[in-house]
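Just the one chain here, the form predicted on its own, laid out as structure tokens.
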């Protein structure tokens, strides 16, 4: 799996933030002329890899339109048993760009995002950092914890979460229409491995696996309950009684 060599910025006002992120994620603070795989801190920040660029913005583009309709995420809400009266503690084991995690956080859930790629963690931090100073965004940001690690390191902690969430859709063998972001991630995360089976073997309460609609199940277990949309589905496994 590729990862960034460091962080750089050409904006003096962003230097201290670059320095802070460099220290937090243990990556180098690069000179502006560096051409290695890196994060360029800017407005917006960009992940640069093999001549390609990836931006993760929550305030414009396709994902922003999804944010404006976050209450309509009926499949995700059902799959994760979203409860506004008693927020679920959700472990997102494949954080990526943090899109589903942010929707869940907007819905009032407490989400721990685990992503072993430092570059993607920083892109997510930057996407959250550029959000407008509005109460519902601030509440959502406060609902998110980001951990830069292999999620399998938390296998012994699954009982402390109500929901384990896995989205292994990168590098899919199916060739549905791919966004530019997904095409970038397919290359950047070329050797990505799916932790679904590891978590299925753990002592989880509720396990949710996101799949393309016609993709084969990650787990061969007839107890799965599937919530299906037009192009994706959520396979849900329950080992403790939950309300749908």
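Numbering follows the first chain given and starts at 1. This structure is a prediction, so every number in the text was calculated from the model and none was measured.
Although not depicted, the form predicted in complex with a small molecule is the subject of the following passage.
The stretch in contact with the small molecule in the predicted complex, judged by heavy atoms within 4.5 Å, is 188-196, chosen from 41-49, 211-219, 188-196, 27-35.
In the predicted complex, residue 126 stays away from the small molecule, with no heavy atom inside 4.5 Å. Contact annotation: residue 167 falls within 4.5 Å of the small molecule in the predicted complex, judged by heavy atom distances. Taking the partner from elsewhere, residue 114 is found to have a heavy atom lying within 4.5 Å of the small molecule in the predicted complex.
With a 4.5 Å cutoff on heavy atoms, residue 77 does not count as touching the small molecule in the predicted complex; it lies far away.
Screening 145, 138, 157, 149 for any heavy atom within 4.5 Å of the small molecule in the predicted complex leaves a single hit, 149.
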